[in-house]
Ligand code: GRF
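Starting off, we have a lone chain in the form predicted alone, written out as structure tokens.
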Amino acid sequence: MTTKRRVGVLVSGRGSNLQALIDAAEAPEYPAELVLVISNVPDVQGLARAKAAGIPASTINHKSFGSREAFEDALHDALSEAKVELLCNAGFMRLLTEGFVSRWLNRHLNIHPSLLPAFKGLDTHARVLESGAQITGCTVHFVRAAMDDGPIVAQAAVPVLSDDTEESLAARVLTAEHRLYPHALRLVASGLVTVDRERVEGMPGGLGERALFSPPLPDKS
């Protein structure tokens, strides 16, 4: 039996993507196990989700430290003590310094609610709607020091509907996130994909030339 990779998850809020990872990791054949969840904000739902699943969970409050580096040292020490091999951001709302990123280089994933490199940063869905884009989505990528930057592991595209609000669009994208993140972590934890010169290599095929059209093409029948 292949040894499962030990995964730590960083959260700052409700942890819905954490829950998606928890659910996926329950499958015996899944190549990763969640061994630690850390929040930088006390008493958030993400911590409760971890405890309900029997995963060790703790708070390392960034406000308790005098510098970003001191906070990140505490974060790194906790992850190292738990023998974490791969790290996942799941709604973790802190930018990390180059020093921390370098310690977890190519072992640290993040999910963002757009088709990167488009619409980096905050207020993503409002900006998508304002732009008039017809397709948006979500992206899992390896973390780099720049916000929402790094080699892309996996993406999912969803249509933008004519009557969408920020809330309805966010909900549609989030549904895709909950499927995409476990898929991307599976690819990384299994060793199917690696990073070479800032590009992900070894990506499995299968899509062929199929495309998502929004608005949809007329039915040929």
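In this text, residue numbers run from 1 along the sequence as written. Just so we're clear, the structure is a prediction, and the values are computed from it rather than from any experiment.
The same protein also exists as the form predicted in complex with this ligand; that form is not shown, yet it is the one meant from here on.
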From the list L87, V143, V128, I111, which entry has a heavy atom within 4.5 Å of this ligand in the predicted bound form?
I111
Note: exactly one of L161, L174, A157, A70 sits with a heavy atom within 4.5 Å of this ligand in the predicted bound form, namely L174
is_contact(P151, this ligand) in the predicted bound form, heavy atom dist at most 4.5 Å
no
Is there a non-hydrogen atom of R14 within 4.5 angstroms of a non-hydrogen atom of this ligand in the predicted bound form?
yes
Tell me which of 88-96, 101-109, 70-78, 128-136 has residues with heavy atoms within 4.5 angstroms of this ligand in the predicted bound form?
88-96
